[in-house]
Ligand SMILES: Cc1cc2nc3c(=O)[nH]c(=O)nc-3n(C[C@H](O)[C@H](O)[C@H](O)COP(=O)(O)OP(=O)(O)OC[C@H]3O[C@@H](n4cnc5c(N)ncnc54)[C@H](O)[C@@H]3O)c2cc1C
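In structure tokens, one chain follows: the form predicted on its own.
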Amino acid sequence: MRSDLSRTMLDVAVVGGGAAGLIAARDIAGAGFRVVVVEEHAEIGTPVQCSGLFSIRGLRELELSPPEHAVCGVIRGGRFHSPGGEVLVAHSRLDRALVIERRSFDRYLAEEALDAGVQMLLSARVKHVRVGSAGVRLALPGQSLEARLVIGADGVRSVVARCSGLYSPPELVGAAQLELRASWGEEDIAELFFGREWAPGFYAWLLPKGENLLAGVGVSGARGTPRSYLLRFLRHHPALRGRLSSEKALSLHRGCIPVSLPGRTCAERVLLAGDAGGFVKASTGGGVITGGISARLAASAALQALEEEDFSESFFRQAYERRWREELLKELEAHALLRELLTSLSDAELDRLFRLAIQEDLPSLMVRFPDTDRPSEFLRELMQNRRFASFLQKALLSDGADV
């Protein structure tokens, strides 16, 4: 396969075999174009860098139907813990999200891509990308590939973005997650824990996954490592009461989550999608649904470019950037605002916010607006509450010191 690919001008090279790259490649190959996915790891779906919690609405929007064996659970609500022990529960009778085995999910996407005619090049790290007037050349160890355009879906440290002048250092949240042979609480409830002592700059989580449990922590601007905060959370958080132990761990996964808004996502013959383009929900760290939407829009723009033989940056600004801004920017900005609110509050202020949320029956509002991928309507409705609006306005104007 290597020699065959090296001798041929491909239509599209997709760098990165994660969800965004596979979705974009599938859509383009399905229209009859020659597409290759270049993935640096030996297997699709490995290593795992995601909790696998996907909204059902988001999966439907992307027209994805994961196989039953990949679905480990259904989430209908959340339990939120403030730093001082206030607890807020929002629970619905409706299925809101699926807990999916991420390896199986990515392999399902890979099978769809292969069925559409995508070629896979595994264990292949792209060293450099050079754009010329006739195409794009990708330098790999021992060979090179040429394509009419390239889609960078190669993650937060994207080589495609760096080589094409699109890279700008994002704000990152470091994360660590253990899969434990354990259970906790209700099987349809995800739990989130806030507080600078446990997860500065982000939050910690417990997520039921069939007979197991995912326990994770995200941190930003912390002195210790995400793993050290995770172990401390499991051992010492008052709500856990020592009931969970890292000794029951089946696996440990670590990674970085970009939480900046997208910047430039296109250049001549280049498009960025998924984490490489910054299509991540800043408030939660989730990026499969928003990244998948960006991938489908990138594929649509690529198809249009191939048909019209126009691979200019100005063309992609209209065919891709304008479309994703119309489709996603408002929601990504809403997530960024939510993150800014939570990170600007001191622990004492977070406790006060939780008490206010309980008094004002915030769970009812959360149940009415279940789409966590698109929170703008929820925020708009929340700000109609004068007590919330007043509290949040004062909090944003303060310096976040404990009071």
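Source: prediction; values computed, not measured. In this text, residue numbers run from 1 along the sequence as written.
Here the subject shifts to the form predicted together with this ligand, a form of this protein not shown in this document.
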Considering this ligand in the predicted bound form, find the one stretch among 302-310, 222-230, 191-199, 249-257 with heavy atoms no farther than 4.5 Å from it. 249-257
Contact with this ligand in the predicted bound form, heavy atom within 4.5 Å, among K330, R322, R125, R130 goes to R125
Among M366, A357, A29, V38, which has at least one heavy atom within 4.5 Å of this ligand in the predicted bound form? V38
P83 within 4.5 Å of this ligand in the predicted bound form, heavy atoms: no
Does T372 reach this ligand in the predicted bound form if we count a contact as any heavy atom within 4.5 Å? no
Hey, in the predicted bound form, is Y108 touching this ligand, heavy atoms inside 4.5 Å? no
Do A20 and this ligand come within 4.5 Å of each other in the predicted bound form, heavy atoms counted? yes
Report whether all of A25, V136 and R269 sit within 4.5 Å of this ligand in the predicted bound form, measuring from non-hydrogen atoms. no
Out of 157-184, which residues reach within 4.5 Å of this ligand in the predicted bound form, heavy atoms considered? V159, A175, Q177
